[in-house]
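Just one chain is shown here, as structure tokens, and it is the form predicted alone.
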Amino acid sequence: MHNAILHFFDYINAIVLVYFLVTNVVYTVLMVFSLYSVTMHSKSAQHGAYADLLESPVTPPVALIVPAHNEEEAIVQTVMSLLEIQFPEKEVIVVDDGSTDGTVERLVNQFHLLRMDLIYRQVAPCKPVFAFYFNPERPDLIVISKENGGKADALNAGINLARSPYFCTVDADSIIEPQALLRLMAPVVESSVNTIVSGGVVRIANGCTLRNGRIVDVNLPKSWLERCQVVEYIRTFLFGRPGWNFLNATFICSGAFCLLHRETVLEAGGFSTDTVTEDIDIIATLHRFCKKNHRKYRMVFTTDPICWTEAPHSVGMLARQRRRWQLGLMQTVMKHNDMIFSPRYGLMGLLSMPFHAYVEAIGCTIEAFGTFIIPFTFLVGAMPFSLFIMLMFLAFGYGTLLSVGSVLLEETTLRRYPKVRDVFYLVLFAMIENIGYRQMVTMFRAQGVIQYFTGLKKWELVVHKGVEGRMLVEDEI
């Protein structure tokens, strides 16, 4: 019996060891590719002719689509910031998704909108539209009021009304930097291949000061929880996604800020409502559609278009957000599981899909289990000291190296945190967020996997407090 238990622990330890080895090897490869990619892009961006794009007649128009549900506190500032974005021709479409608060009234009063009929063809499926609001003296803003159907449904309503060949998805609580849309469009214009997706970076605005819808002072938040999320976002957006982009195997672009080709999205059927992360699902859907129809296409991710968003302030809200993200990731990889290891999809099918399915989606359950089983098996004498040290390094030490490397890469290329004090805290939290915070987030993600296998499909609402300093300065409206 004793030997059987030891064999069982050996088996479990081997699974955990293989998981950490595979994960860290892939992360290391991605880190190398990302270092090269981010550095090269940072150098070329210094000479980027964004002014030419701003004045060029060939720059495609863009519709900025903002799904909004009960966003009365933030929606006016968000729309004002979008109207001020530097871009030659744009339309802002706010889709009020059945709000029960004063979201529409705030917009109507602020921008003197009138209810009127507009040409609307429902190409992508969505819930019924109630009304359109428009101001002829402000033709770049349209508000749609519709029955509640969720974010994907609201995006479909927006692209049905949009006239521009490209649209950009924007969360209602996000702030986009003035040149970000130009930077997002640059790889589209410069490529001879149809670029159907262009993704940018999402940063955490907690602690920053906003005025008239713009970040005017970048600071780190004060709480440890938010600082850990800042480091996590930097690592995610500067290491993982540039690496996959370098391999032409992009699988995730944040829906908070992503440019897409309207016609291709409509041909592919629009956004799907059968997952809770429509932004991940649409990327897989577009890969499938283009490969099936033998289309030449590109999906790109660049690191200098910046969108600022608010991160959860409490552990409870963070848990909701991460469970939802993990549930959506599970739904998406299982929905498109025929793409896993399929050579038809190139490196996307052979590398990116398997990694996201087995490591990013399901792997968190192994990591969560290992967090308890590794110390336990060592304490009961079922694991040699050398193996224990190796697993501890793989679980904690190597992750710390990656986090510190991410922060240093950020500070040597993009440098969004100008204060020396903030850089010091970023490095400090990059060293400590792998002890405690990462394990806590892994537990939340594992709960999301359990939710998937238990058949629970639930949109867990994350309530924001409002970014510090977000209050509008009235005399500057």
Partner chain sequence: MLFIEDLASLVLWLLATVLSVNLLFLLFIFYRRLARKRYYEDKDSARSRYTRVVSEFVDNEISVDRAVALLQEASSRAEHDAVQEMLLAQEDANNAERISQVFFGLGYVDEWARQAFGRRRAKALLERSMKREKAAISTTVPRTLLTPVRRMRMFAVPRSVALEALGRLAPDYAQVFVAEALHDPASEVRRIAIAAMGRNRHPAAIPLLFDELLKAVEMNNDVSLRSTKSALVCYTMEDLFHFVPYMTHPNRRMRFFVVDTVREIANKAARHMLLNKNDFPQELYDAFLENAVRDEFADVRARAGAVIKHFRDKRAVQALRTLLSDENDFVRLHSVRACQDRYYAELVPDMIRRLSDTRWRVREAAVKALAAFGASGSNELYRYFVATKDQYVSEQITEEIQRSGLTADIVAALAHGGEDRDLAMAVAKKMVLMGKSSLLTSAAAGLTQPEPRILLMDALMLAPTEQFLAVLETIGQTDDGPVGDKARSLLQAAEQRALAAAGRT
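Numbering follows the first chain given and starts at 1. Since we're looking at a predicted model, the values are computed, not measured.
Heads up, the form predicted together with its partner chain isn't pictured, but that's what we're talking about next.
S.K.: Is it the case that residue 100, even though its partner is missing from this view, gets within 4.5 Å of its partner chain in the predicted bound form, heavy atoms only?
M.R.: Because no heavy atom of residue 100 falls inside 4.5 Å of its partner chain in the predicted bound form, the answer is no.
S.K.: Is there any non-hydrogen atom of residue 435 lying within 4.5 Å of its partner chain in the predicted bound form?
M.R.: It does not: once its partner chain is placed as it appears in the predicted bound form, residue 435 has no heavy atom within 4.5 Å of it.
S.K.: Taking heavy atoms and a 4.5 Å cut-off, does residue 258 contact its partner chain in the predicted bound form?
M.R.: Heavy-atom contact with its partner chain at 4.5 Å: absent for residue 258.
S.K.: With the partner left out of view, is residue 405 within 4.5 angstroms of its partner chain in the predicted bound form by any non-hydrogen atom?
M.R.: Residue 405: yes, in contact with its partner chain in the predicted bound form.
S.K.: Just one of 308, 166, 237, 251 has a heavy atom within 4.5 Å of its partner chain in the predicted bound form. Which one?
M.R.: In short, 166.
S.K.: Can you work out which of 355, 233, 325, 134 has a heavy atom no more than 4.5 Å from its partner chain in the predicted bound form?
M.R.: Looking at 355, 233, 325, 134 one by one, just 134 meets the 4.5 Å heavy-atom criterion.
S.K.: Of the listed stretches (197-205, 268-276, 393-401, 218-226), which one has a non-hydrogen atom within 4.5 Å of its partner chain in the predicted bound form?
M.R.: Only one stretch passes the 4.5 Å heavy-atom test: 393-401.
S.K.: Going by its partner chain in the predicted bound form, which residues of 118-150 come within 4.5 Å of it through any heavy atom?
M.R.: Stretch hits, in order: 118, 119, 121, 134, 136, 142.
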